[in-house]
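One chain follows as structure tokens, the form predicted on its own.
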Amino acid sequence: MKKTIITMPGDGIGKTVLPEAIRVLDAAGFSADYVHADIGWEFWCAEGNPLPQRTLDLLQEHKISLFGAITSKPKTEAAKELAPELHDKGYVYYSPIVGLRQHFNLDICLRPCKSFIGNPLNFIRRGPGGKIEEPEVDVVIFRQNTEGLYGGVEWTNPPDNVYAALNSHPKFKGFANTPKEELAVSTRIFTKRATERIVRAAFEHAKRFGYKSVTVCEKPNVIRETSGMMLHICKEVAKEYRGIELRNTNIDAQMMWLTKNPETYGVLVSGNMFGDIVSDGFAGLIGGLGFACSANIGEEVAIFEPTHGSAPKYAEYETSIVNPIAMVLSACMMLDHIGETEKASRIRQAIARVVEEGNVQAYDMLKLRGTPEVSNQGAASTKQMTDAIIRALK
């Protein structure tokens, strides 16, 4: 039977790159029924909800989705763009992708960062004697996706009961002279169950694919309770995986070291915010957001997306210039998830061939500014990049 895949293009360039990924899937011989679902800024403006219930219902039914990108704006700006009849109705903007993660408990975020030979955007460094080195990066970040700073438990001018609870903590004395209405508070909540699940997923991935280490990347020397919980659980789970080294780095030190010896890392595991940071750091070593793919995986539902934003400026160009590779690689992660590993491998090999040959390159690979004129400077359009991948597939 054909799979039904929910497609959520979203905003901006999401509407451009997602159809290109489907063209590649078709060329690889993957046959599916694609069902469109509404998500994003236009539905916030028109309905006061960027994640309509009808979309949640489709995902609940079919379980698998490809997602493009969304536009997000701060609370005050978002409120101004609501349709006039929705003003002062109590609508508050909330990121729909965060909403999806929490609604379906998509607690495991998987972000592979693997360099392609010949990519002019790959990280290089100077070795002994000034020799130029291009280390091979093959890192997989496991980011806890539903808790931590992104959990959404926060207040401006906290209510009296919350303020009283905060005031009961000895460390809050430093804020005692601050008027309550001048306080903004965000929580960082970790649970044992979710932390153990992401840690175990990281070790299982390392075991399955032959990675020699799992690095927990947190800050337990300062954030003692939450980071401390993750480190403790990592140490306990590591006892079950003989032969896989457990490493421990602080997030700030990791951001320094990732450009020193990125080839020595395998699997990393972090909470929500630090996982977001370190995955973007490693993505920068393999070509940036044009190559950064990800998966959001729960016990039932899984959503696959590039990590780039909606970049609305680029969506307005008459000829799209954005690099579709991140979206295509996200589609490959979807194929892996549903057992179509042979097709995923063929697509990745096709991308690798196009990148290494270097005959077709998007504007980012040519290190050009993202303007419409790049087409006259040798940059491939979005469609031309996709066409090249399809030719390499055949």
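We number the residues from 1 along the sequence you see. Bear in mind that the values here come from a model prediction, so they are computed numbers and not experimental data.
Below, we refer to the form predicted together with ligand IPM, which is not included among the displayed structures.
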Fill in the blank from the handout: Note: ligand IPM not shown here; in the predicted complex, the stretch from 119-127, 94-102, 260-268, 185-193 having heavy atoms within 4.5 Å of it is 94-102
Problem - Contact test in the predicted complex: residue 147 vs ligand IPM, heavy atoms, 4.5 Å - result: no
Exercise for the section: Report yes if any heavy atom of residue 218 sits within 4.5 Å of a heavy atom of ligand IPM in the predicted complex; otherwise report no. Expected result: no
Problem - Non-hydrogen atom contact residue 107 with ligand IPM in the predicted complex at 4.5 angstroms - result: no
Problem - Within 4.5 Å of ligand IPM in the predicted complex: residues from 105-119 (heavy atom criterion) - result: 111
